[in-house]
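For this one, two forms of the same chain are given in structure tokens, first as structure 1 and then as structure 2.
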Structure 1
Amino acid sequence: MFKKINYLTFINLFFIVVCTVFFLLPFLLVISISFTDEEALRQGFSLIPEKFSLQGYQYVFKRPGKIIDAYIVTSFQAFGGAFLSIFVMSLCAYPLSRTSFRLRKPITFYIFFTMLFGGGLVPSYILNAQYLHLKDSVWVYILPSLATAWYIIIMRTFFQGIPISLIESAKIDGASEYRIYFQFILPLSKPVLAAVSLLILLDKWNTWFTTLIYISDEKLYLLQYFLQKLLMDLDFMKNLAAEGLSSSVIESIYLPTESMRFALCVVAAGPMVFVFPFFQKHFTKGLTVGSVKG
């Protein structure tokens, strides 16, 4: 008995140590830096603020215009994009789940092939920028990533589990395919639709690459790109901190750049890190549904 207790405590101890050291400390570090006085930060970052200060946050919220813009653009493309994606993909996944659909095999291949081979970055860039004129347009966040073969396959696999007799009885009663899709398939597939929407939403919320390549208009920056620019581009940081001040003043006053950076990081990433774990169950569900071979 004694030996068994030891063995279990050892495993629990392992997880407690790993979780705190590797998974809690990095978060704590970022939060701590955002609350530390700039002078104290010069000595080095620490896990507990050496000198507590709200200066970073004060600077962030003094002129929040750009951050609010970024939040609006990010939310629009994430929620709007996810909704549109789910609609288009489920629309396509339904026929592919029906064995009586004659073109099922060729269309499945047509979609699946895009998972195996693609044109790559440069041809896509030329297409979007020079032929479709999506540069500096909000649609570049939505259209080029509208559908993903993998998600269509996940949905199709789920739809296949819906009893065919249900669809057939609806058809006997004279329902059209469109009506079956809207009134039977969609309401019955809430779990998979929720799971895939969350995956898309997370993906879109964390996007920054599209902005990096296609967007030069600051009004259309995504939140994550905004953050990365803060970390990599010193001038961008200084301009943001000193917005509205004349250039002669900028040189003389002191700006809490480091704490402000991390404060912005908390403001930008914080809400999602708190919200998404509540949907953890759906994420794992979405992934296990997808691992069924098709």
Structure 2
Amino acid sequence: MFKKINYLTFINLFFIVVCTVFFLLPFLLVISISFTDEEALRQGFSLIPEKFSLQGYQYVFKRPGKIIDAYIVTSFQAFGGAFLSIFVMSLCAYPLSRTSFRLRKPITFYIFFTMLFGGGLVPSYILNAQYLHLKDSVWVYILPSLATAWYIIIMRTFFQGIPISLIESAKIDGASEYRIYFQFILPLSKPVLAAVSLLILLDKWNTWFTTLIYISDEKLYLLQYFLQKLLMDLDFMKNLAAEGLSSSVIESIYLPTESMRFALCVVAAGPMVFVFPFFQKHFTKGLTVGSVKG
């Protein structure tokens, strides 16, 4: 026997299905175009490749060594940077959540003040390049962005929601502050840690401006910057060929420009699509619980 479905529930389900379709269609279209022959794309786009081709991916992976280096550097700074950031920011947020800490209000205000004003690009470059000597170093991707004021406030708010009686009972049993932090606070804070970790991971994976400013060594290029540079080089070659300025690159007019653009999207975003499900369970709860309390 089928249960009767309330009309309001049916409307909600229908709305969710429609939204899901609208979210999936562009993603499927990008994948389809990346596997479509360049000549077929001139007639229009379709969800099913009219003429299957790997030309776009062949051009993207034309220099596999460099793109592998870009993947390694990007993965290291994204996952390693996210782990270190979570560790540092949670260590900062925990004492700020304790009412027994006398300096929590002025320190919280100081952290919040950094959200309103910044030093600017030139002072940041001078500090990182000349004083910290982070230029052409993989640590320039991690150390300057190790802590973010907004994430610290979210963690602090979440920690405040943990019953103080749990902490007091642990102290009565002789647990130190470090033991309380590692064995009680962190395990109970998985939702907010997962949510903030995902946001940091996405931000670090998609960054490219840091490479533009600080990095000249090709082995330290981030994936997004390397792919952007690859696309710019292709556009430059096609412009030269179209204007007849260089006969040596006239064959570049036939390069898979459109399919390569969408192949770049798949190569750049693909890993994060597989990472998100591992954080999805705690993502919404971590953001909502960490934002509604004072």
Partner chain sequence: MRNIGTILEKNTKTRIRIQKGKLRSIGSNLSLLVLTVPCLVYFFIWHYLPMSGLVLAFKKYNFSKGIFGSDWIGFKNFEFLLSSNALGGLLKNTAGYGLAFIIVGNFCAILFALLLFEVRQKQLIKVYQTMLILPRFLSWVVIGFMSYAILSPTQGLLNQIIVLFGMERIDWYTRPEFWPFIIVICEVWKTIGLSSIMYYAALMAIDTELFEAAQIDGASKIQQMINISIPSLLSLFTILMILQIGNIFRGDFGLFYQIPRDVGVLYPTTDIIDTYVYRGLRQGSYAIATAVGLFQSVMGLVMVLTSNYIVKKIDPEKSLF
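Just so we're on the same page, residue numbers count up from 1 along structure 1's sequence. What we label the rigid core is the largest C-alpha set whose atoms superpose within 1.5 Å from one form to the other. Note that this is a predicted model, so its numbers are computed, not measured.
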Either 1 or 2, the form predicted in complex with the partner chain: 1
Core fit, then Ala70 C-alpha moves 2 Å or more between structures 1 and 2: no
C-alpha of Tyr59 moved at least 2 Å between structures 1 and 2 on rigid core: yes
Large Cα move at Tyr225 between structures 1 and 2, threshold 2 Å, rigid core: no
Angstrom shift of the Cα atom of Glu39 between structures 1 and 2 (superposition on rigid core): 5.9
Rigid core superposed, the C-alpha shift at Leu264 between structures 1 and 2 in Å: 3.9
